[in-house]
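This document starts with one chain, in the form predicted alone, laid out as structure tokens.
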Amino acid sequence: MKIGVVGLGTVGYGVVEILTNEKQRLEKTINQEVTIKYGCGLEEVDLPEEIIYTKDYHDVINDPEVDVVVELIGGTTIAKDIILSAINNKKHVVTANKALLAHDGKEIFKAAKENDVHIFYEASVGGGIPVLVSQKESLIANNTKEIVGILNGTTNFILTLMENENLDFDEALTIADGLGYVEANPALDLDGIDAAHKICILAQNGFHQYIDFDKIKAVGIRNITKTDMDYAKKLGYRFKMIAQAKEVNDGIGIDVAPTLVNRNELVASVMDSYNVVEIDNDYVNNIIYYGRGAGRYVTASAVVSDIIKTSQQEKWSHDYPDCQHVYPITKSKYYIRASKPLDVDYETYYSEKADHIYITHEMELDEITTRLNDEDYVIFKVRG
């Protein structure tokens, strides 16, 4: 097995390190030689001397000796060209590119099938957490009922800081950014886009339908305040950015939103940069996957596992129909804060100073907005 790694950033170099350090053991596992022939990146790094460095990814995808192309540059432009060119050159592909698979997975999976090559992407969701292989293999006897997760470590880290250190959003964001947690485009993290990419991939595999990513509603954490965090704590809740997908009527309900979660729930205890995915099935209920969602070796571990999996014969199937209807999940309990009493059906009421806080019964969001009309209020989902 000869490998070309395209993208020599944090994760790419981690892949080189693991494949180099574990070479003999991995070769023994699959009973064949495992060799990195190329390392491709815009800036040269200190590679082992036997690896050829190149700036041109065409050197990798056009070399007939290369069996596996590993795409780790991210984005949806050049990365797409690299992956499709590699597939059309009959090379297996391993990627961590959640954005590309959420937007263009259908086209990529179709090309892989037509060329009879593997495409594996475990590292695209949850870093090193083996959730996708479980969906595609271990849970094949099950029908998925619901998927719920904390899928973005950056926002979870920020929310943890806000709660534990009594910081406002901007203060916590500054710390997270200084520690290297925030994407170059902060909106991917803060506005829920990254988590939406991941729940899209999970939902496609769970419900066996291709989902139009542009129909997924994502709301980020920018509007969470210390005030609402304090009230949530007093009421026994904690803020988490929750990604959710489930079958709804004639389609799939799927969205990402900041949500109050009861502090007694396991999901609420997931702090810092950790991720969690909870999958409810018809035969095996509520399986939970937990671990760090990002990091050099965490993500590289999943990439290397996928590289080794390309030695197997059986390929993952993605013969899914298009999902005709994608809806936001609007039926929920809701947290509402206002400066005066409101006409709303509630199960919990709390007041402090000039604030009036409600936890509603489960109801449709439209019902709340219609009833409250022009009232001034803050609203967030409540789980459970």
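One rule holds for the numbers: they count along the sequence shown, beginning at 1. This structure is a prediction, so every number in the text was calculated from the model and none was measured.
A second form of this protein, the form predicted in complex with L-homoserine (HSE), is not displayed here; the remarks below concern that form.
- Under a 4.5 angstroms non-hydrogen atom cutoff, L-homoserine (HSE) in the model of the complex lacks Asp212 among its neighbouring residues.
- Among residues of the shown chain, Gly153 is one whose heavy atoms approach L-homoserine (HSE) to within 4.5 Å in the model of the complex.
- Contact annotation for His197: none of its heavy atoms lies within 4.5 Å of L-homoserine (HSE) in the model of the complex.
- L-homoserine (HSE) in the model of the complex comes within 4.5 Å of a heavy atom belonging to Asp189.
- This chain is displayed without L-homoserine (HSE), yet in the model of the complex the stretch 181 to 189 from 181 to 189, 79 to 87, 165 to 173, 239 to 247 comes within 4.5 Å of it by heavy atoms.
- Of the candidates Ile193, Ala294, Ala300, Met229, Ala294 is the one whose heavy atoms come within 4.5 Å of L-homoserine (HSE) in the model of the complex; the others do not.
- Although L-homoserine (HSE) is not shown here, in the model of the complex the stretch 218 to 232 places no heavy atom of any residue within 4.5 Å of it.
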